[in-house]
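One chain follows as structure tokens, the form predicted alone.
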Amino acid sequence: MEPLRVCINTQTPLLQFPPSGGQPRPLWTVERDFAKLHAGVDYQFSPGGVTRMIYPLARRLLSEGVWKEVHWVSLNPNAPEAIEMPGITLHNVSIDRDRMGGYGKVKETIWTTVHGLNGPRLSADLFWTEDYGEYTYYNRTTAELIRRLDESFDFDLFYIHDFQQLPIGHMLGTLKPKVFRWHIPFDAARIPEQWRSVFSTYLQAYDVVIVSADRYRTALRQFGHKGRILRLYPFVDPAEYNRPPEEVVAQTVATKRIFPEDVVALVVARMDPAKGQDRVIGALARVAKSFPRLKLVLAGNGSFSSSREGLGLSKSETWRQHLEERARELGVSDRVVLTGHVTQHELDCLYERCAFTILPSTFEGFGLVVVESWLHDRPALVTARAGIAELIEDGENGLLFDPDDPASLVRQMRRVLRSEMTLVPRLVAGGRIAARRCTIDAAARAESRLVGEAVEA
């Protein structure tokens, strides 16, 4: 197979640019040389899967000659029109701020409905709202840019990522191969009846739909999807994770109010009700007297959608305030640390410092933080509603709990805190083995086969 020209489409951009604060922004050229931009000044890499998964995969497949050229289209209203990186050109979509509000409301409605956080009445009339017109406008604007790029570069494959972009494949109006990766959970029972025909039409536009767990593949079949469905586990590049020396770790975490006597339980997640941080605060209150040195660290901030660089939605700050109030109500404020955004170095230090991690989500597409825990040789307590739960053998490579059963999480916290003589070493060793299924090496092999089959079909 000849190397491919690929168009990637994500909502979240690879690079985020600070807003101008009302000041005139310097005139951007049509193409901007990435080498001339300064990290931490001109831009930062977006936290999350775009940077952890998609970017390393693109670099790997380019280096192996599977892909020849990548054009990456994403929503990025503060960015230059295009940015040139080695082998990758970033193309940034911008829509009027007043239209982004409607798009953001629809995106959040879909997100909360799929995660079981909405009542059915709120969701049912979604496609009849004015806001849905803005959602369609955003996707149409993106699709038109991709079509213009296709006329210039003649792509071999379109690779569309996540639920916000679902209409894109249908809007492109091309018979060229299109792959769609659905990153969030999929439960057919959570899709309102009024949405089903729309979702089905959009999904059928793709040659392959990728999901993150076998349970979602089964759910898509129950939903009635007739096309090809492939389960590929999300992944990370182990080379991106460092294990800083103890003295560096101690100095770094001290800035987060973490001291040598603390036993740290770590939750790494954005500020969002679906992430379940409130459940861990409740569990902490129940074990606090038995484990007076235990401290809960909640690392993370908002998503691109809630950032000033993105849609400016306020849910992350609202949820953070709720968590702070919940900790006060339960009398554990001094035992809870909310770090806000952390750099990769700080995150590596937090993983190295913690005794164990917790993934408490009420519903989770996969849960790469568990893989990160394994790479740092830390035991992980994992919600049974995460996609990665199907890789967990309770007591062997992780500890499972029901996020709706507070006693379940408390029981597993006590178990790891009491640290049976063989439990923690067994969890660490088992996690190290399980992590191999979620690395970029495994992913690159699977993705190479996938794109080859899609193009040659």
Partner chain sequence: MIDLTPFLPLIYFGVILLLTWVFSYVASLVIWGLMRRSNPQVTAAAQRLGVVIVWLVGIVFAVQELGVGVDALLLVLALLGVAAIVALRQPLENFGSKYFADLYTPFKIGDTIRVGEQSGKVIEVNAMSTILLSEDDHLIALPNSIFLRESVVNLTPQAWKELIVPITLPGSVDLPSFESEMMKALSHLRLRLDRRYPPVFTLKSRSAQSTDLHLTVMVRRPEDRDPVLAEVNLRLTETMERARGSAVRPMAPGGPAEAHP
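Positions refer to the first chain, counted from 1. These numbers come from a predicted model, not from an experiment.
There is another form of the same protein, the form predicted in complex with its partner chain; it is not shown, and what comes next is about it.
The single contact residue among F259, F153, F291, F127, judged by any heavy atom lying within 4.5 Å of its partner chain in the model of the complex, is F127. The partner is absent here, but in the model of the complex a heavy atom of M171, alone among V342, M171, L232, L323, sits within 4.5 Å of its partner chain. At a distance threshold of 4.5 angstroms between non-hydrogen atoms, Y137 is in contact with its partner chain in the model of the complex. The closest heavy atom approach of E84 to its partner chain in the model of the complex falls outside 4.5 Å. Residue contact with its partner chain in the model of the complex: G116 places no heavy atom within 4.5 Å of it.
Although the partner is absent from this view, F356 stays clear of its partner chain in the model of the complex, with no non-hydrogen atom inside 4.5 angstroms. Comparing 324 to 332, 141 to 149, 280 to 288, 240 to 248 against its partner chain in the model of the complex, the single stretch with non-hydrogen atoms within 4.5 angstroms of it is 141 to 149. Contact annotation for the candidate site: R99, S197 and T201 all lie close to its partner chain in the model of the complex (heavy atom within 4.5 Å).
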